[in-house]
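Have a look below at one chain only, the form predicted alone, in structure tokens format.
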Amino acid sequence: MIQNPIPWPNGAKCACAITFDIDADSLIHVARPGDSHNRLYPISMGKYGPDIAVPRILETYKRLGIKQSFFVPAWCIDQYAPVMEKILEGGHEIGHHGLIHEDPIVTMGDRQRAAFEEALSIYKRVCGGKPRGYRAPVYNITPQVVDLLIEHGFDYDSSLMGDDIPYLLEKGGNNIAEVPVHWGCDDWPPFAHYEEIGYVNHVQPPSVGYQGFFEEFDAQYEAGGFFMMIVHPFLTGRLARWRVIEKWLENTMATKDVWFARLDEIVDHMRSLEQSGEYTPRKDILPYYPEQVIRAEAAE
């Protein structure tokens, strides 16, 4: 049961989004900056995303007539600018995903602002305008990043896990929408085998790896909720894996009453209902804790 379900357009029973984080080969450069340029295997694995998988994904979306959201580090936006143009030409959304997939927990302070704002500059130069949404690398959004999102007029974040459906984050008298993620709908645990950056997972067959995703969808559909995949082109865009997702999309669109939409469209819908008084989103107040919870001396 969802206590405060959002009424979806045209009476749809569930809002759905398949969101892609196009990290490409940024991951190896962050993890192994001293010699990443010599590590051809992980570079090629990352490049598979924008070079091979994204065109495949865009073709499916075009055939099915759906628009979706992509989150891309600014270094990747610049490195793979023609791919970004194709995404935007298809009517899809590109969101902020850091400068080069740096961990916000590691870069707090001046470095965080500098990286965040340099990413905005690259986005404007390559994509035009500014992004409406943000997803933190490895989901590690910080209070400082929330402040930066509010300062720069972002409409939503998609990094936290505090609800089953979109809600609001309030900080300092301002608020921003939160479109919640969940590790159960992320393709990293079943498919990422990337020893160079510290992940050695047992790779699942596509039919097994996505089974949990589809069970999550069934529960959300039954509850009138929101289902979102958080996936990566170099993982989910592989031929056999995308075949599973493509068939699921075809079947779901043919047999279920769902609304596939970009995250900015989902946020706009929630906000319009809020403005009209038809719906009141749940609100989380930030920061959760104003100071360190356990002092170092107390932990000893």
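The numbering used is simple: start at 1 and walk along the sequence shown. The structure presented is a predicted model; accordingly, all values stated were derived computationally and were not measured.
Keep in mind the form predicted in complex with a further copy of the same chain is missing from the figure; the text below concerns it.
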Can residue 65 be called a contact residue for a further copy of the same chain in the predicted bound form at 4.5 Å between heavy atoms?
no
Should residue 129 be counted as a contact of a further copy of the same chain in the predicted bound form, where contact means heavy atoms within 4.5 Å?
no
Examine residue 123 and determine whether its closest non-hydrogen atom to a further copy of the same chain in the predicted bound form is within 4.5 angstroms.
no
Can you work out whether residue 12 and a further copy of the same chain are in contact in the predicted bound form, taking contact to mean some heavy atom pair no more than 4.5 Å apart?
no
State yes only if every one of 158, 255 and 277 has a non-hydrogen atom within 4.5 Å of a further copy of the same chain in the predicted bound form; otherwise state no.
no
With the partner left out here, which residues of 261 to 294 have a non-hydrogen atom within 4.5 Å of a further copy of the same chain in the predicted bound form?
282, 284, 286, 288, 289, 290, 291, 292, 293, 294
